[in-house]
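Below, in structure tokens: the form predicted on its own, a single chain.
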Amino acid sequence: MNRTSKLLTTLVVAGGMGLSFSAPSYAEEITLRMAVPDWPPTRIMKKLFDENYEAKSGNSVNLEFDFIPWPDYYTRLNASLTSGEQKYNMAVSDSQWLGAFIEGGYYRKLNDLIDADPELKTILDGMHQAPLQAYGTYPYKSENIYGFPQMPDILITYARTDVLCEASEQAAFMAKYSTKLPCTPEELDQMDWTMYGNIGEFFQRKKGDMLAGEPATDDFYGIAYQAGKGYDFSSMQINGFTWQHGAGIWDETNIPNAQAEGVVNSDLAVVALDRYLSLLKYMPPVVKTGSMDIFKTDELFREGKIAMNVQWIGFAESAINPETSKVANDVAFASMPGLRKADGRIDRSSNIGGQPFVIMTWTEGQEIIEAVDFVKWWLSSDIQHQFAAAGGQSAIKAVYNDPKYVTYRPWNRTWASGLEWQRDVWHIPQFFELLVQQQEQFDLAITGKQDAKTTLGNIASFQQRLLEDAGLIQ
């Protein structure tokens, strides 16, 4: 029996209506295997599954999590999928991988399952479009759904209140810049990149210099954000600067008319990259080594070596945990800084983080029924509230608009407004070639070996040739 026939047979036997199946006459042992990145949101998911999950089918469902360190995650998942071993039924995937793994035949299109299941369709209809499009659609923003949000994520500001709110620092900042040093979450929400740069300049201190009324025990810096050569680290931050300045990355939603040359390296894009680079001088020296990635900025913040960090919400739990953070009791969270426009409005356009669930094409029969039921359980209101209460985030409007949501964690106050600014990078199969070359070029600029104009010119030229060869640009 071929795969399609077996799936249809299962659906007919089960009633074929909306994947709402009656319990079988006998319980089966079903094991689903899921590849996941090893970080707090997936650890929380496992804990909630172990404590709460009961299969609607009546089967005994075991979900095996393969926790893989983030730096190795793409290469190990890619190796598994391309080897043909069919080890995993599901995965938590980055959105950038969708095109490559869909075209490779590994991620299953889900529209038929959604159309057949009114409950699942209602769940998706109640989601914010930014994460649903970023995590689920290929081509990007099409009607083709391949994923469900597992952990939506955005960049926000982490800030040291013990340093920012200290009276002598407040007075000295006012004397130097003739404006108040933002201290409260509400004040930090109004921070633009100019203020962020001023804070970076102001808080450059050497070991032994006075800091918040006491001698600094180590060199101290005001600010940090992603500037790492690895994976997508610098690109995720630079994309935000690009969009905020009115420039653009190559736009796959306009295939085949979208061009790279003249867009990726536009005059506005050069201004945006220069603005991004201009703040690096206020960051710890490690930024000039190409290793200032999300893990390093997280480490520096938790060790108390910087006043302010732009970071993913997914790392916030470790910042307020006394076991992992020296500053756990002195952290405030606010919206990410942005570019202040002429009308006073702050543009916070940013590259969305987070990941979707995907289901593999070889998951079929009772396994796919259980996989979809697991996803519906995960996206149910009760479990989404539990996830948020444990430090995760929800893309479901009814959950994050509930007044209880902002009480779960101090950073949740940034969530609803932050979603409105989110965009995504490319989903196409060529994403990895585009990303590797772009990251290498950005690193040359970050480490002072190349200016912004040359950097973006090289990126645009490479992307134009590659995308023309792939038939994506006419």
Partner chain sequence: MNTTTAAHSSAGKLLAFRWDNWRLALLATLIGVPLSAFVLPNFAAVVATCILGGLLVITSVVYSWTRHVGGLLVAPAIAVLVVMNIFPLLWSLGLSFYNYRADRQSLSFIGLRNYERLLSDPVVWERLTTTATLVVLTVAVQMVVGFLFALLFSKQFPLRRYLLILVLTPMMLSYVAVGAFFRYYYDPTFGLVSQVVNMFTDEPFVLISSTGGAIAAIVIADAWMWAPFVMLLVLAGLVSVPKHLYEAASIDRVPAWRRFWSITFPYVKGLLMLALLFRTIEAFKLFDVVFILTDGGQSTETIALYVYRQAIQFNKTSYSASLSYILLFTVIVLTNLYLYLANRRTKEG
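Positions refer to the first chain, counted from 1. Predicted model only: the values in this text are computed from it and were never measured.
Missing here is the form predicted together with the partner chain; even so, the following discussion is about that form.
Interface membership of Thr31, defined by any non-hydrogen atom within 4.5 Å of the partner chain in the model of the complex, is ruled out. When the partner chain is considered in the model of the complex, Val327 lies well away from it, no heavy atom lying within 4.5 Å. For the chain shown alone, Pro139 is not a contact residue for the partner chain in the model of the complex, no non-hydrogen atom being within 4.5 angstroms. Interface residue remark: Lys288 is counted as part of the site for the partner chain in the model of the complex, having a heavy atom within 4.5 Å.
A single residue from the set Thr447, Ser60, Thr407, Ser417 has any heavy atom within 4.5 angstroms of the partner chain in the model of the complex; that residue is Thr447. This chain appears without its partner; in the model of the complex, the one residue of Arg348, Lys229, Arg160, His245 with a heavy atom within 4.5 Å of the partner chain is Lys229. Comparing 383-391, 221-229, 252-260, 143-151 against the partner chain in the model of the complex, the single stretch with non-hydrogen atoms within 4.5 angstroms of it is 221-229. With respect to the partner chain in the model of the complex, the three residues Ala171, Phe173 and Glu323 uniformly fall beyond 4.5 angstroms at the level of their nearest heavy atom.
In the model of the complex, the partner chain lies beyond 4.5 angstroms of every heavy atom of every residue of 173-196.
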